[in-house]
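Just one chain is shown here, as structure tokens, and it is the form predicted on its own.
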């Protein structure tokens, strides 16, 4: 009988799960779902292997609104469907691995202590990644757990690309350096590129992970050489509600002249900026494309311009450009943004196939003309599958 792998991706107000069954080729998903609105109005939903909805419920108002109860509810729901089968391993997405964790790691007391020491580097994410590990140690004590790090893929960057131009002691003693994130997504794209385009896999590829959180990475032979996110998941591209890169002098001005404190600035940068801040309408690209308000078009144009600029910057970092890959929510589904970006990159040799770009599909596909100097693809990402693979390999 095949083994079962549980994948957990926990955020501040939601927990996503995927249950995989191992096969000779690759793990195959059996169920996937999430508990969202944890501290407000918890809602549980799930789909089966055919993407059919098999659960959709709002939890009673009197249940505990926290991660502990959410995990217990999800696990009870899953165990009703396991038919007595046991979960062999649990894989967790952990946002920050610092400089010390560059591969998947089995959970031990020493590892947990190491992760807790990294909380100052990712205070908005790391505690919520750690909490489910501890809860599941009690709920499934016989199932080994494996941590899979979003920063690990970027540890191949040359040191020059990991540094800020600050005194070196800040990097060496305080860990203030450019780590990069979304690494599990990039690693998945790198793993499937050889079957899609050998030249891209072996050569110079820029991957654009565009969603509510957005970043880009330049790969050389499948290894990361540079990425747009840095010390936190705030740097680089504008996002749904995050500002992306900003002049540090602006922050000093906000503190010294507008008298904003750290909490107010954090809220501004993480929750009130990006597409939402620029448009004043929505953080959702679909809403902005549907709006006739000029501010909506300004926000979408701004986003596309920054993606084009970062593509050129990453091409410089990897010595040219053979391939551009779009992935994640916006990258996979938004043909308008893809066209806007590609038209700005014609000088680099990008020739978009407008008809191919307009096709909606959940499969990898080329959207550039056959004679385009730079091949352009849409490749759906699968971070959960990457975690399942890594969790099994770590055993």
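Just so it is clear, the model here is predicted, and its values are computed rather than measured. Positions refer to the first chain, counted from 1.
Unshown form predicted in complex with a small molecule; subsequent notes refer to it.
Student: The small molecule isn't shown here, but in the model of the complex which of 333, 340, 368, 34 has a heavy atom within 4.5 Å of it?
Tutor: In short, 333.
Student: Looking at 277, 244, 211, 222 here, can you tell me which has any non-hydrogen atom within 4.5 angstroms of the small molecule in the model of the complex?
Tutor: Selected option: 211.
Student: Is there a heavy atom of residue 299 lying 4.5 Å or less from a heavy atom of the small molecule in the model of the complex?
Tutor: No, residue 299 stays farther than 4.5 Å from the small molecule in the model of the complex.
Student: Closest heavy atom of residue 53 to the small molecule in the model of the complex, within 4.5 Å or not?
Tutor: The answer is no: residue 53 has no heavy atom within 4.5 Å of the small molecule.
Student: Would residue 329 count as a contact of the small molecule in the model of the complex, using a 4.5 angstroms cut-off between non-hydrogen atoms?
Tutor: Residue-level check for residue 329: yes, a contact with the small molecule.
Student: Can you check whether residue 323 is within 4.5 Å of the small molecule in the model of the complex, heavy atom basis?
Tutor: Residue-level check for residue 323: no, no contact with the small molecule.
Student: Using a 4.5 Å heavy atom cut-off, which of 118 to 126, 249 to 257, 277 to 285, 158 to 166 contacts the small molecule in the model of the complex?
Tutor: Careful reading of the contacts points to 277 to 285.
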